[in-house]
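Presented below, as structure tokens, is a lone chain in the form predicted alone.
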């Protein structure tokens, strides 16, 4: 029998953990994105057309929303589980009558909640710069789930594999941030040299950004169904990796 009460308690604890410090976990990422908007809207003409009928500022906002959701979903699950490992209280979760899958659901669910709250905060703050509509809400919900769920799962992977905080930082600084910046958030990949255009198609973050941009603006560089399939595949792969590590108890039971 699934332990729904235990799942709820762990999920509620994880959500409350980041809400207690919402200035650091929610407000700070939103302010960071506002700085990006201020800088890029000042340096690059907002009248520049990036996609048919889409100026630069309107092009930029959906990408920044996805980037913020990616980075904060990863940060939430990775920091929480790794802190539990350091403090030694992860053993109490392992001894509790909660399955590996329920542990996964609680941590990744909380990461999804934080990612969505940051994304909503970025959208509300961006309204002072430009109004970005939501033309395809169902596709948007799917892509947001794939985005936050995938990075929440990778956060668990990083927290299990890491031996110290430097390893978490390295994963974020050398994998998550570069992949985010090279996903077409700030530019159209058609503006890149041929080699980098082709390389971008191997970056799963590009499909999440471009697909979400389509849900807002109705235009994209690749078909939205391709973005949905890649996003779903990325979510399945990252979730499978996290669940396999949880099942093995790697670095958790030793």
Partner chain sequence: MDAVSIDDLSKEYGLLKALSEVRLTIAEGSFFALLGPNGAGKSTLINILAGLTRATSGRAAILGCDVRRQWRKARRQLGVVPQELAYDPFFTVREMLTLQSGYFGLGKENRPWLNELIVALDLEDKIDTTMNHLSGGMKRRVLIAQALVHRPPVVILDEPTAGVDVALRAQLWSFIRGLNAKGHTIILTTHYLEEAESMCEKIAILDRGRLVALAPKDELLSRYSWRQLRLQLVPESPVVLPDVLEAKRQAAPQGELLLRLHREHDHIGEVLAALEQAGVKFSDLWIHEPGLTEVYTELTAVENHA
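Positions refer to the first chain, counted from 1. No experiment lies behind these values; they were computed from the predicted model shown.
Missing here is the form predicted in complex with its partner chain; even so, the following discussion is about that form.
For the options 124, 95, 138, 131, the one in contact with its partner chain in the predicted bound form, meaning a heavy atom within 4.5 Å, is 95. The three residues 38, 71 and 201 each lack any heavy atom within 4.5 Å of its partner chain in the predicted bound form. Of the candidate stretches 96 to 104, 154 to 162, 110 to 118, 176 to 184, only 96 to 104 contains residues with a heavy atom within 4.5 Å of its partner chain in the predicted bound form. Taking the partner from elsewhere, residue 169 is found to have every heavy atom lying beyond 4.5 Å of its partner chain in the predicted bound form. In the predicted bound form, residue 230 stays away from its partner chain, with no heavy atom inside 4.5 Å.
Proximity of residue 243 to its partner chain in the predicted bound form falls outside the 4.5 Å heavy atom cutoff.
Among heavy atoms of residue 21, some come within 4.5 Å of its partner chain in the predicted bound form.
Looking at 137 to 152, no residue comes within 4.5 Å of its partner chain in the predicted bound form, counting any heavy atom.
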